[in-house]
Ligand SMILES: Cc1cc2nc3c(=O)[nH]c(=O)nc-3n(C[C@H](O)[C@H](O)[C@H](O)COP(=O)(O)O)c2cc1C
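In the form predicted alone, a lone chain appears below as structure tokens.
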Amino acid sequence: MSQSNYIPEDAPFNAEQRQWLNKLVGNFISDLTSGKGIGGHGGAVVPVTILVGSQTGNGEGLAKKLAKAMAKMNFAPQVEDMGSYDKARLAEEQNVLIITSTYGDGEPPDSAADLHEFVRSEAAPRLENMSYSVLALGDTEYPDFCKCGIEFDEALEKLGARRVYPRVDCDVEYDEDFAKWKDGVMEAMGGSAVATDESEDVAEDGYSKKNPFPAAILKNVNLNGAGSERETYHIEFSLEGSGLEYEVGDALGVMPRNCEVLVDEILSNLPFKPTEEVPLPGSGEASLRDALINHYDVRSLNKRFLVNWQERSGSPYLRSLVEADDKKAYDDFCWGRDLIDLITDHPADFSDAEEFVGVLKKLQPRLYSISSSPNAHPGEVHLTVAIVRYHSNYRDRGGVCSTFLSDRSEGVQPGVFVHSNKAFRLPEDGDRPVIMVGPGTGVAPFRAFLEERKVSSAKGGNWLFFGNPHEEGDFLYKDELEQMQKDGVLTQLDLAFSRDQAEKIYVQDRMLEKGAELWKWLSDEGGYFYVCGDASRMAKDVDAALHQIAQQHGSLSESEAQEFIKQLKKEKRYARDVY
């Protein structure tokens, strides 16, 4: 084939089409070899590795957007999941962009844990030839805001890498910060922000987080029995006409509404008329009362909010709190307090209602693990929601969204959207066994898993560890799970009702009791291991039990057990949906 004939003669094109394609390919190769870059934007092609640490998919989505924008300029981006990235490549990297979230108690996402540990260890190489920048995703409601991204940033700098653009720490509303960081790093790495094609940012068609679907509630029942100290609601929504699709393992975003009684109390302590028009987050206007019920967060306090409030308040206590800048003092003050406590105990002056709402955050959707299979319940999506109620500082309080769903949703169609979680999927091979650990509402995705395994006639075994305080009143989905056992869908069911005996028993204790068989499912049969629930305690205890099982029943040393479990994660055979 000659230099100008890149398209084979037997290709299914006529002479004119073949001539046009040969010219197009020739121009493309010429651009690359002449240093103009892909698309002729000018400048040599710049290789960029985008490393992603994502627990629920937000980071992965932003990495794809970034790569798409960079590919339209003189960059050659490559998106790499940190969980499968070869650490040996790090020393050879020229340009690295890190996008990572933080979850739990300031922990890295599961996929990022190994690389996060490596770059902060003595084994990490010097990185003087690397240019980098970090986009950190977080939530200011949590004390260790963006901790994982901050630690990656500090570690790379310590290893000698050159920061080409300052780290950006994003709150839950990250679109604007991401756009700023994206343009900044491209310009710093030799691109041009002006030339960026923003076509990937066009509005999404259909229903999404920005345009949630108003879903009718078909069923809303408390799963806990009489006498239980807990409330756990099973809620079924209709998706008919929405066009929304989901897979087992995904989450459902629900747009909550603030309690009208609380909002009216707030308004009664402010000098503004409830009917006064105020701007809404993003765009639009509404009455102050409607804005506080449906659009602004009137519950969450954090350091940033207190600093803004103190500037308008004459409170000596708040001034001393801000001046001391002590993390524990902030956390202690914010816990169990809402906006109403500031208004009544530490009042502030605002020129008008618009200035008042200007210090408030946007009311955020809540994500819940989906507890249904779309193939078992076409046109529906189910949730398993723990209702949060507590008393603090002389007030009864509760979770914004959970009490909305349990107490204030009658006759309402809450806005919902699907949040994909590709990191929490059943194995493609239905012959593989799955082990599921889900105490409390952590059982939610595993109800969906079991329904899906039944519908798909998967042959692999299914083993569930479930726990709660008491069997009487707290055995969620008892009838369904026992029927699945009878039907042969649920191979094994191990229960841990912690307060039904003198010595407390938890799911990790049941795992250790069945350690030999659990190890066989994982090592000999290639099983998959899933955990859902509390990140700060349960998930850590389960992880420690898994390491202990690997050592005791796999005859592995401590370091070998660690490597075995790291490998499970890399193979996506150990997945966690924790919060």
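Just so it is clear, the structure is predicted and the values come from calculations on it, not from any experiment. Sequential numbering from 1, following the sequence displayed.
Omitted from view is the form predicted in complex with the ligand, to which the following refers.
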May I ask you to check whether residue 246 falls inside a 4.5 Å heavy atom distance of the ligand in the predicted complex?
-> no
Report whether the minimum heavy atom distance between residue 131 and the ligand in the predicted complex is within 4.5 Å.
-> no
Residue 526: heavy atom within 4.5 Å of the ligand in the predicted complex?
-> no
Residue 551: heavy atom within 4.5 Å of the ligand in the predicted complex?
-> no
Options 183-191, 84-92, 350-358, 99-107; stretch whose heavy atom lies within 4.5 Å of the ligand in the predicted complex = 99-107
The ligand: the contacting residue among 374, 433, 414, 138 in the predicted complex [heavy atom, 4.5 Å] | 138
Taking the ligand in the predicted complex as the reference, which of 333, 145, 305, 477 has a non-hydrogen atom within 4.5 Å?
-> 145
In sequence order, the residues of 559-579 that place a heavy atom within 4.5 Å of the ligand in the predicted complex are 578, 579
